[in-house]
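What follows is a single chain, given as structure tokens, in the form predicted alone.
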């Protein structure tokens, strides 16, 4: 146990250094130009951080999920876009490592990720599905040479042009139902990406997420053996919500820290008085504490469930509701904290060129309710609450 703790601690020390020296230094430029955070990702590669979740027997870091979640928090405190890219990459890694099913091709691929620090993006959204992760139109289509192909119209593919590989959800066959899905891992040299849109959003600008038509030809060995509905329930959905909530917490924490720095600066100007904004800072700390408590509680629930042989309970209605509610709560609370920080700082919090600026923080967290839209999650929760006996 102490060895694992030491490994996690060393990993997080490296992440904090990268967050401070690369992510933070370039965050404003990444945001201003809506460019990929290449400096932070290059540093993460050099540190071997892209293979953190891969087991040591496959060449990876063998880092705990809790430490990777903490890494998303640390990166989020410095650059939301860098943290989001890192989180989304680790979501794909978690889906593979937790659902390998003794697939030799995927075991070899994870060794390649560990050796070459390959960056993985996902193609889960699709035109015509209404944002429903559990439905696909595009399908794995057999080709004459024994391989397979697909063509998928994706409204967004985060950092697709910068990824080495894509993780794509598809119908199992052209005749399969929309919910009979699999995941395919394809390399850049097996694909063509036809860009169909631009990327000039309000926040999370460095994720570089325009739409694409993605076409690929690949071996059938590159289809993950575990059906996607199982992967989604046990891994993709809870892992996504946990890592996203950690980086949103990181962004909100830095916004609070900037508001606190402003209040302290005001107090130094008149040391005989408590600034009026100090009481508002106390209220804001309560808001941040609620967010932190929800995120930490959900992480404990997930790690406890993942440590048991019956990991299937992550797919129960109670667990689905639990992690859906985490996503809703975190995605709504983080922008509130950032907005409260801006209110405390006033004009210097609103401006982009001050040490107390939280404009980027607010804009980045405003994307949170849109990532798997909260209204869609509420709709699913409503159906589950009608039939769930014990939640």
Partner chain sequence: MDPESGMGERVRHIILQHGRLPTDIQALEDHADLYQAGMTSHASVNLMLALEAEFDIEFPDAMLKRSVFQSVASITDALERLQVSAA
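Not measured: the values here are computed from a predicted model. Positions refer to the first chain, counted from 1.
The form predicted in complex with the partner chain is left out here; the points below concern that form.
Residue contact check for residue 380: one or more of its heavy atoms lie within 4.5 Å of the partner chain in the model of the complex. Shown alone here, residue 306 lies farther than 4.5 Å from the partner chain in the model of the complex, counting heavy atoms only. Put simply, residue 7 is far from the partner chain in the model of the complex: not one heavy atom of it is within 4.5 Å. Contact check for residue 294: every heavy atom lies farther than 4.5 Å from the partner chain in the model of the complex.
Residues placing heavy atoms within 4.5 Å of the partner chain in the model of the complex fall in a single listed stretch, namely 311 to 319, out of 159 to 167, 311 to 319, 78 to 86, 187 to 195.
This chain appears without its partner; in the model of the complex, the one residue of 287, 107, 221, 180 with a heavy atom within 4.5 Å of the partner chain is 180.
Contact with the partner chain in the model of the complex, defined as a heavy atom within 4.5 Å, holds for exactly one of 215, 111, 118, 172, namely 172.
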